[in-house]
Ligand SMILES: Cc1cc2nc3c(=O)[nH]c(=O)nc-3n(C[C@H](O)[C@H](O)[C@H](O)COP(=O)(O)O)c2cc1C
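Only one chain is included here, represented as structure tokens and corresponding to the form predicted alone.
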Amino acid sequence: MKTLLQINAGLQGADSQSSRLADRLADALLAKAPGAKHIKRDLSQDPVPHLDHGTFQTFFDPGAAVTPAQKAGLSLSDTLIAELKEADTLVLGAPMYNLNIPSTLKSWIDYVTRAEQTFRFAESGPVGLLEGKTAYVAIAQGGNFLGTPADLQTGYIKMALGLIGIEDIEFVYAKGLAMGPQAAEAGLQNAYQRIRELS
């Protein structure tokens, strides 16, 4: 591993369980790769804005970036994509909010999912351009949704990353965090064990 890109999406910052898990996971992976570069974005401190029509136009035609807002949006997308392209390992901290990922993480995905940059259209459908990367996803859930129709996170993250070519994905789940102290402790311990197995 040469470069690890970490995206924390918990709105509670350092108090977010998913961010803590992502930190622990990133630290464990970096400990086995001395000298690796670590790029970290905390979306609670530096959120990616929701994608609007003006910025979206520039993704297809960079020359359409004429307003300051469009230029800023295109520049941000270019920066985020450059970070993702540089990384060979991706760590996402993804809490469950209202049955899915936070909107800030969805915005990050929207800004890095660009035709001819991270995927291209072919006759058979979209083809991801970022193959060869490994993603680790730390998911924190207040309930126990894994394996049920209510777990929309897992399927969405698999499809969103797969669209851009990242199909080697490992998940770490901390479940039951709002179901009482014993359930929360068990959920965290299971997640810590999974991190030890992965690193």
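Numbering starts at 1 and follows the sequence shown. Please read these numbers as outputs of a predicted model, since none were measured by experiment.
As for the form predicted together with the named molecule, it is not shown, yet the points below apply to it.
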With the partner left out of view, is Met96 within 4.5 angstroms of the named molecule in the predicted bound form by any non-hydrogen atom? yes
Even though the partner isn't displayed, in the predicted bound form is Phe56 close enough to the named molecule, meaning a heavy atom within 4.5 Å? no
4.5 Å heavy atom contact, Glu185 and the named molecule in the predicted bound form: no
Contact of Gly143 with the named molecule in the predicted bound form (heavy atom, 4.5 Å): yes
Select, from the options 135-143, 25-33, 158-166, 47-55, the stretch whose residues sit within 4.5 angstroms of the named molecule in the predicted bound form by heavy atom distance. 135-143
Going by heavy atoms, what in 1-40 lies within 4.5 angstroms of the named molecule in the predicted bound form? Gly10, Leu11, Gln12, Asp15, Ser16, Gln17, Ser18, Ser19
